[in-house]
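Below you'll find only one chain, the form predicted on its own, shown as structure tokens.
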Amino acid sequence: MTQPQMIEERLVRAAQRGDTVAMNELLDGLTPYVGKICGPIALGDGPDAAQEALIAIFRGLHGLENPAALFGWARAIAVREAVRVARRGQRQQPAELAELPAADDPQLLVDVQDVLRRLSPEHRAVLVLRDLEGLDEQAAAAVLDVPPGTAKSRLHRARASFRKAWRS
């Protein structure tokens, strides 16, 4: 076990016992990680999703049995909250690809955020888990709580939609 893991585990155990300083330190350490996950999924509502995820982490930390699993556990919560907040705050259906700007449209300078906005929260979530977090299909499916085939098909559709939107 590495030194940072030992410190992390001690912090988790202390926070679980009610040590508010340890809890604050733990949440401060998780905040950038949670924000990195929530931002691309919940887009403009990323900060709200991160806040909701941190609240859920705070409330549920006592139930975490294996402190070494902290980041995986926090990732699952962050994805769940980001998808929930995105569904609440934005339309749930992806835009029709015909609505995307044409190649000669001045809005061709569309950035990644614009393209992501056209995807459903579920598609953004699987893209974040696979392409930003580097999880394999099995792990992404477990985090999303869907069968591996569903995660694989969502990823395929999300990547195809993203590529088509980016190129148009």
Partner chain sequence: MTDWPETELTDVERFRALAAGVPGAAVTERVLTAEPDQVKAMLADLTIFAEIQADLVSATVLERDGDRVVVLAKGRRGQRARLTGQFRPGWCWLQSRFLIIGMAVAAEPGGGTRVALTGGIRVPGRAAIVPIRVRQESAKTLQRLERLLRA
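Positions refer to the first chain, counted from 1. Everything numeric in this text was worked out from a predicted model, so none of it was measured.
Absent from the display: the form predicted in complex with the partner chain. The rest refers to it.
Put simply, Gln51 is close to the partner chain in the predicted complex: some heavy atom of it is within 4.5 Å. Using a 4.5 Å cutoff between non-hydrogen atoms, Arg10 does not count as a contact of the partner chain in the predicted complex. With a 4.5 Å cutoff on heavy atoms, Arg118 does not count as touching the partner chain in the predicted complex; it lies far away. Although the partner is absent here, Glu137 is not a contact residue: none of its heavy atoms lies within 4.5 angstroms of the partner chain in the predicted complex. Of the residues in 16 to 32, those that come within 4.5 Å of the partner chain in the predicted complex through at least one heavy atom are, in sequence order, Arg17, Gly18, Asp19, Thr20, Val21, Met23, Asn24, Glu25, Leu27, Asp28, Thr31.
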